[in-house]
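Only one chain comes next, encoded as structure tokens, the form predicted alone.
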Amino acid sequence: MYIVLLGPPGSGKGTQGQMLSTKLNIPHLSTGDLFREILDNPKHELYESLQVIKEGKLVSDDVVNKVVGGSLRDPRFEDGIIFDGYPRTIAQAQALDQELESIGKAVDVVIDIHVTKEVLLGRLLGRRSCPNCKRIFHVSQGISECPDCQITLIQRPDDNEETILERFDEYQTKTAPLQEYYRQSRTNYIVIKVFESSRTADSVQQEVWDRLYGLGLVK
């Protein structure tokens, strides 16, 4: 199954993608993780092209397609992929459709997570992560050290209010039109709404699973 996760930065796409990956036994492909790996390697051919991320801007379609495109033909992904952070524009969605069609596949379902700006700010300003295992925590948990790695948690440099608001506004401008693109396609389209910061990842996951079940995509 090929699943596309939509939603602004901090909407929980990564968490939901990992949960679905475990349940469905389908690889979770996060463009954010791919980008961070490149940004940690100044010698990578796309290193300079990805510097716009530090300014809170989206990476160009051509660069994103280069980063992600080759993955589709990797044997690990022949049974499906959970796309997290890709596509983000209509041009990327069209490129993905063409790539999948070339191998006889197609996007099976789009899961669009709607989260308010206020909830996003609360989540991202308090987000902390383990630099080793990449596990995500929140300051509200009162944890300053990863319980598994015993390493001090860090805050991502782009998790500041100015950058968060810029990313949210850019998402609304460039990525939100994907909603209409996928609604007009023959792809199953699921909308999950998160208007309260108290809503848990488990409750969102249960709604996602119930909706997939209702569409006959899972048993």
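Rigid core: the largest C-alpha set superposing within 1.5 Å between the two forms. For every residue, the number given is its place in the sequence shown, counted from 1. Please read all numbers here as calculations on a predicted model, not as lab measurements.
Same protein, other form: the form predicted in complex with BIS(adenosine)-5'-pentaphosphate, not shown, and the subject of what follows.
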When BIS(adenosine)-5'-pentaphosphate is placed as it is in the predicted complex, which of 147-155, 40-48, 25-33, 180-188 ends up with heavy atoms within 4.5 Å of it?
25-33
Candidate spot V64, L124 and R167, all three in 4.5 Å heavy atom range of BIS(adenosine)-5'-pentaphosphate in the predicted complex?
yes
Could you confirm whether I192 comes within 4.5 Å of BIS(adenosine)-5'-pentaphosphate in the predicted complex, counting heavy atoms only?
no
Contact between S21 and BIS(adenosine)-5'-pentaphosphate in the predicted complex at 4.5 Å, heavy atoms?
no
Flag F137 as yes or no: does it have a non-hydrogen atom within 4.5 angstroms of any non-hydrogen atom of BIS(adenosine)-5'-pentaphosphate in the predicted complex?
yes
Taking BIS(adenosine)-5'-pentaphosphate as it sits in the predicted complex, is Y86 near enough to touch it, meaning that at least one heavy atom pair lies within 4.5 angstroms?
yes
Which residues from 172-191 come close to BIS(adenosine)-5'-pentaphosphate in the predicted complex, meaning a heavy atom within 4.5 Å?
none
I111: CA shift of at least 2 Å between this form and the one not shown after core fit?
no
Could you tell me whether the Cα atom of R135 shifts by at least 2 Å between this form and the one not shown after core superposition?
yes
